[in-house]
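First comes one chain, alone, set out as structure tokens in the form predicted alone.
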């Protein structure tokens, strides 16, 4: 967790932005969440601890965390965005329920090899990818 915080705060410094206790609390709360979380959920959790933290500060901090490579954004359904820790996590894809928004992390080596094969066959050099499959989870069928 310290490494991730250091990456964020070094990034903030390079961007000539201020290091604040509120940003520190947001980063720490996100890292502790250890799940797919919305900005609203994170804000609600933080508001209980520090009523001075604003929703806009949470959103801006999450954006900065994405810019420096600590998190990924996942759009779910009608504009709902969830965030997940990217730093030091193995690549995975998602199954996303279009009814309840449930995210299921999946990893399949055959699919990864097939994607690499498709790229090579098309003389394409992939830098990153994201596979999301939308449907209905067990509870929503």
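Residue numbers count along the first chain shown, from 1. Everything numeric here is computed off the predicted structure, so don't read it as measured data. Take the two forms, superpose them, and find the largest set of C-alpha atoms that agree within 1.5 Å; that set is the rigid core.
The discussion below concerns the form predicted together with a further copy of the same chain, not included here.
Segments offered: 112-120, 53-61, 27-35, 40-48. Contacting a further copy of the same chain in the predicted complex at heavy atom distances within 4.5 Å is 112-120. Taking the partner from the other structure, a further copy of the same chain in the predicted complex has no heavy atom within 4.5 Å of any heavy atom of residue 88.
By the criterion of a heavy atom within 4.5 Å, residue 70 is excluded from the residues contacting a further copy of the same chain in the predicted complex. Although the partner is absent from this view, residue 12 stays clear of a further copy of the same chain in the predicted complex, with no non-hydrogen atom inside 4.5 angstroms.
Proximity of residue 17 to a further copy of the same chain in the predicted complex falls outside the 4.5 Å heavy atom cutoff. Contact residues in stretch 122-136 (any heavy atom within 4.5 Å of a further copy of the same chain, taken in the predicted complex) are 122, 123, 124, 125, 126, 127, 128, 129, 130, 131, 132, 133, 134, 135, 136. Relative to the superposed rigid core, residue 33 undergoes a CA displacement smaller than 2 Å between this form and the one not shown. Relative to the superposed core, residue 67 undergoes a Cα shift smaller than 2 Å between this form and the one not shown.
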